[in-house]
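Let's start with one chain on its own, the form predicted on its own, as structure tokens.
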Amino acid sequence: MTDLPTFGAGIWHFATYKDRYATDGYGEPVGLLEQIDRAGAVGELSVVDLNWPFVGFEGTTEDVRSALTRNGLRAVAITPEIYTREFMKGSLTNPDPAVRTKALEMLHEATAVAQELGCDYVKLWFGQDGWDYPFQVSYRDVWQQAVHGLRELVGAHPDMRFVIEYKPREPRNKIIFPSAARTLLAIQEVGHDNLGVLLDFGHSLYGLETPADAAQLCIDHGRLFAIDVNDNYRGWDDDMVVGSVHLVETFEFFHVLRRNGWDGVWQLDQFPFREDPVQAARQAVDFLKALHRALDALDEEALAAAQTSHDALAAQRLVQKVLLTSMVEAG
């Protein structure tokens, strides 16, 4: 078997959650250090993605570093919260110049934290940057504001990587970076080599992309810097345990990564609202290990022949054989 990849998770995987129905939450609040301890209890994770600011945490960055170290973890990324109430009309595209300035200041501060913790990248998710109604915005203006803000940010930190996590909608009805293609277009306009894509498998499903195709597009442009994996029913960003719905498409996604020699972190972005978070992470990693074994066993020569002739049934037979065998071996 080839070497296993590095496994990671967003730290929010180990928090508790609220929604518009269970406004009191699906469990008791869990502090940042306890979330890190839960991530360490999985036993299979090497890195975590941390939100910033550290909401409700009164300690220091050194306290966070110590908690990571005692759990055998490293911070792979910082995700600044530029999607909270103060940014409800957008961060880099907010109509108020003072709010745009504040968003940029927060992003610079988040980058400093990422540098202090030795992170690989800063993750940018522009959930509030977009629009809800026809005629609400000038599309040219918001696009230029986003591109100019990104150019200022990433240009100021040439030694740090930044990734845009695209998503079609939620919380805005239309998010400014909804797809792989539009995100790549923005990155091209920004013009800095340290800006790339984080491809969230569930967002790609939700946006009615073929995730493997989106990954190939980003790789071909040299911009697939990171991935998050999960699952959903394609009608919403459910953030379910990876592989629980779209087994074959998940396998195809990782096959594209393997075929192109992409060797980044296999990172979980799951929200186990009603499930035990540690067990949900363990089960997800077990599944990903089974996929890894299946990739080793896949007859690449036969698959290439099937793809050359666009033989769907032959390709499916090959895939089903290795998937089912790998799942049985996983127990």
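From 1 onward, residues are counted along the sequence shown. If you're wondering where the values come from, they're calculated on a predicted model, not measured in any experiment.
Just so you know, the form predicted in complex with a further copy of the same chain exists too; it's not on screen, but the next bit is about it.
Within 4.5 Å of a further copy of the same chain in the model of the complex, a heavy atom is found for all three of R169, Q216 and A312.
Note that among 107 to 115, 68 to 76, 201 to 209, 151 to 159, the stretch whose heavy atoms approach a further copy of the same chain to within 4.5 Å in the model of the complex is 201 to 209. Although the partner is absent from this view, D193 stays clear of a further copy of the same chain in the model of the complex, with no non-hydrogen atom inside 4.5 angstroms. Remark: T6 does not count among the residues lining a further copy of the same chain in the model of the complex, judged by a heavy atom distance of 4.5 Å or less. In the model of the complex, no heavy atom of Y121 sits within 4.5 Å of a further copy of the same chain. The closest non-hydrogen atom of K102 lies beyond 4.5 Å of a further copy of the same chain in the model of the complex. Distance criterion of 4.5 Å from any heavy atom to a further copy of the same chain in the model of the complex singles out M240 from the list M240, A146, A226, L257. The partner is not shown here, but in the model of the complex the stretch 257 to 282 reaches within 4.5 angstroms of a further copy of the same chain through a heavy atom at R259, N260, F271, F273, R274, E275, D276, Q279, A280.
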